[in-house]
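To begin, one chain is listed below as structure tokens, in the form predicted on its own.
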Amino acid sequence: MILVILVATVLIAAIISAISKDSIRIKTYTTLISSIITLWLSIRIALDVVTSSSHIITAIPYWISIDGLGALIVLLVSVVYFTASIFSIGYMKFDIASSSKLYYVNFNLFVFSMLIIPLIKEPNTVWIAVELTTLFSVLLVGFENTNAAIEAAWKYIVLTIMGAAIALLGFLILYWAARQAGVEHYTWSALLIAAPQMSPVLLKASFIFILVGFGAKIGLVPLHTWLPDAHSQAPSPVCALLSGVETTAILYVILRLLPIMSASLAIDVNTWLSIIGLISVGTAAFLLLQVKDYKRLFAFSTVEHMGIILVAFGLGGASAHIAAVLQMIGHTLTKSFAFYAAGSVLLIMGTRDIASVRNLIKKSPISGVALLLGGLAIAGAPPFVLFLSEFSIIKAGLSQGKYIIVGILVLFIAIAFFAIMNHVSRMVFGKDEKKSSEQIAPVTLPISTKITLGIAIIPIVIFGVYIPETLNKLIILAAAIVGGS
């Protein structure tokens, strides 16, 4: 029942936002209350999964249930939903270029679509849920109704729909393989059990099609070109959802396939993940060097981190999988904070151009410090959580003797670190060459923005030095599921 209540809460918030006409206050606080309830329920679900003997909660057998990996995704979506709801309160008041009538409707529907992905056990229905994320988020990408935003929305919808068609073919082949093997209940767990009896050729084909199709949605190279445009043009709280959790929620589907492919020995998934991951990390690292928009800067780092996660899972083994799951957590929390910091800079400076932002630490100390911390955290500096996860990935790779993969990965991470901090340091501390007459009028950050930045930075720092026992158990459970245990 708690799983049904979870998704119903967000859906009710969307309905209230739709029928409340022009009352922005009702939409705003309905969404905030919904996010608080959702966060509380997701914590309860995670605790129940960790403490139960089976580590599974079932609402409708063979259709709706959740395990350790699913509970982790739900928890991450709920955390960013909560912080993005707070950030939206003040941020949307500054967005005078477009109406906020439909913002909260689409905002809640987008979250709803992401929450149901890890709850659904039937793979073909999961594909429908993934496409719902595209449908609701594209309206948010083009929300500001500028030429750049509309262009980004069109690029987003065209490329991801192409990916959806490719992924659908993969799911149909997977269903064919399952029927040939006599699978009675078409679920993730049933596929894992039947994998040794399924056709290796069909499984290999389905995995390749799904990886390519959904790879477009999570920003894997070379199908990443929509991501920096969409993530730079959307409102900042939406960017936090897009970069922080939509990519992670869709990556979840690919992770569900890994133990199935490993059980059948149909394809060397580790090699595929390592190669595609390194290509994505390397491409993003060099693109970060020449980026000119600070929201695109953080968008390209999403491509980098998706690649790092794939490489980590490609290394194989329990330690690498645990490190990869921690990287997923770190990416979600850090990337959402980075976009909140970018949003605060946009409110202060009124531009996304890196070259136009200088001496930010004096113009707005809060935005300057937030951007600096966001840059350090997303680049993987200590003591933030991504440093711990990336260090753990490197350690796991070295312990397995995969020196070439680790060496290339470290090189690309170092290039990305330099690129990010080069841009961020110039924005925060760089000398402002504008004349005093050209200076922008001072802008005070909304209190909701300050609160969001304060809340969002806390787990990034804490998890960099200490992982709570319950969360650590959840990470181990999620990693074990990807490993087929």
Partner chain sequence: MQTLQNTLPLITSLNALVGGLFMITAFGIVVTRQIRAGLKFFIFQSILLAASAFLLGIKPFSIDLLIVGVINLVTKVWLLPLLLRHMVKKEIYTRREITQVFNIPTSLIIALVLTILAYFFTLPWIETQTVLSIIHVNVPVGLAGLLLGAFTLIARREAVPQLLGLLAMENGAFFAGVAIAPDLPLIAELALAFDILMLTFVIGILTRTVNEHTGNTSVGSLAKLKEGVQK
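Bear in mind the structure is a predicted one, so any value in this text is a computation, not a measurement. Residue numbers count along the first chain shown, from 1.
Although it is not shown, the form predicted together with the partner chain is what the next lines describe.
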property: Residue contact check: residue 180 to the partner chain in the model of the complex, 4.5 Å heavy atom; result: yes
property: Partner proximity in the model of the complex: residue 387 to the partner chain, non-hydrogen atom cutoff 4.5 Å; result: no
property: Contact of residue 300 with the partner chain in the model of the complex (heavy atom, 4.5 Å); result: yes
property: Touches the partner chain in the model of the complex: residue 136 (any heavy atom, 4.5 Å); result: yes
property: Partner-proximal stretch of 82-90, 372-380, 277-285, 165-173 relative to the partner chain in the model of the complex, 4.5 angstroms, heavy atom; result: 165-173
property: The single option of 63, 429, 40, 29 touching the partner chain in the model of the complex, heavy atom within 4.5 Å; result: 63
property: Contact assignment for the partner chain in the model of the complex, among 359, 351, 400, 197, heavy atom within 4.5 Å; result: 351
property: Within 189-205, the residues that have a heavy atom no more than 4.5 Å from the partner chain in the model of the complex; result: 199, 201, 202, 205
